[in-house]
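Next up: just one chain, as structure tokens, the form predicted on its own.
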Amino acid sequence: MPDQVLYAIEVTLNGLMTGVMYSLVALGFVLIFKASGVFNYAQGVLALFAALTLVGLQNGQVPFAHVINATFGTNLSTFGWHLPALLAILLTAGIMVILAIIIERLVLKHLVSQAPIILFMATIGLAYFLEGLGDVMWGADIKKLDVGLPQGISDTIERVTDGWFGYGFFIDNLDIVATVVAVLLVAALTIFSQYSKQGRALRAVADDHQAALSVGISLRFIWVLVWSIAGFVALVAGIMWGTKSGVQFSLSLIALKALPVLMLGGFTSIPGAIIGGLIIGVGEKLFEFIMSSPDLAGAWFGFTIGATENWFAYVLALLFLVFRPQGLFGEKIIERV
């Protein structure tokens, strides 16, 4: 098999894995949008806040330590313990549920039946508040996140593919774990959305807040529930991205890469978030591989282009907005006038 074909297969596999990581972030956006019809600008910051909280709890860091030290002249740093990864994850999940309750009571309940743009602006304010809160609570330094997930090149895949093709594929173990987790999350969320009483209530709230209230659906409970689930999804995404690249404040920018995923898959489709992520992941990797290769782009077009991963997803999303604005799996909106 030609070397270029083998390289392309390897790039495609890595693109699929990268797309799954994008999809984990996009899932949180889909959940909030299905419940409120509003794009949650704060979802990326939720992933950052969850990852910061997890590292802080795991390392026994004292929250607001530098503020307390500056105010009272103390020298606090840590409590002197190191929590097991599973316990730290469970405690962080509990904190995300508490955060969802606080958001509902202080923000969302005052915005019932408001225009979507009002709710969207509220999520922008929430994003900046949570980013500042995370900075004050846990500090702005880059943190290492280690919950025991395997990292590095998969020796098994490299050995097997080397035996088959004479060329070993480089696939990251963490990406494989992320793929398995994403599949399980999508299956669980799809079953919840389609077949549970709460899932049907969630869709009713998304269609019409007042109508849902009139038939006895608790809007406040649904919002707490969906923000709690979105917080858990943000925690999973924060763990994967934090383990991969460290917990730093640029982690919140992964939300920007989720936008093209949502435009392709549709803002209301849970499976669409995964399919959109896979298309973006594979597309940007293959396009970068082709356009930066002298043997391919150089021979076909007479020139090469580098760093296309930075903009390919947004150009593809723009094309979808022009020709299919609801995405591949989104619901087509028909308004009668």
Partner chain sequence: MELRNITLRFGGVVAIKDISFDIRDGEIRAIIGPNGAGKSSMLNVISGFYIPTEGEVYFKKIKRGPMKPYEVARLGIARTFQNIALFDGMSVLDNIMTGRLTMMKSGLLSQAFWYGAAAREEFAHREKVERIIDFLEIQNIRKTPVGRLPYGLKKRVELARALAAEPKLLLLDEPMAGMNVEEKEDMSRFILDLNDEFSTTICLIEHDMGVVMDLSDRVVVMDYGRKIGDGTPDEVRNNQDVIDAYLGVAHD
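All figures in this text were calculated on a predicted structure; none of them were measured in a lab. Positions refer to the first chain, counted from 1.
The same protein also has a form predicted together with its partner chain, omitted here; what follows describes it.
Stretch-level contact check against its partner chain in the predicted complex with heavy atoms at 4.5 Å: of 119-127, 260-268, 189-197, 82-90, the positive one is 189-197. Contact with its partner chain in the predicted complex, defined as a heavy atom within 4.5 Å, is made by none of I68, T74 and T78. Contact between A211 and its partner chain in the predicted complex is found at the 4.5 Å heavy atom cutoff. With a 4.5 Å cutoff on heavy atoms, M137 does not count as touching its partner chain in the predicted complex; it lies far away. Put simply, R105 is far from its partner chain in the predicted complex: not one heavy atom of it is within 4.5 Å. With a 4.5 Å cutoff on heavy atoms, G216 counts as touching its partner chain in the predicted complex. For the options V97, A201, L149, L185, the residue carrying a heavy atom within 4.5 angstroms of its partner chain in the predicted complex is A201.
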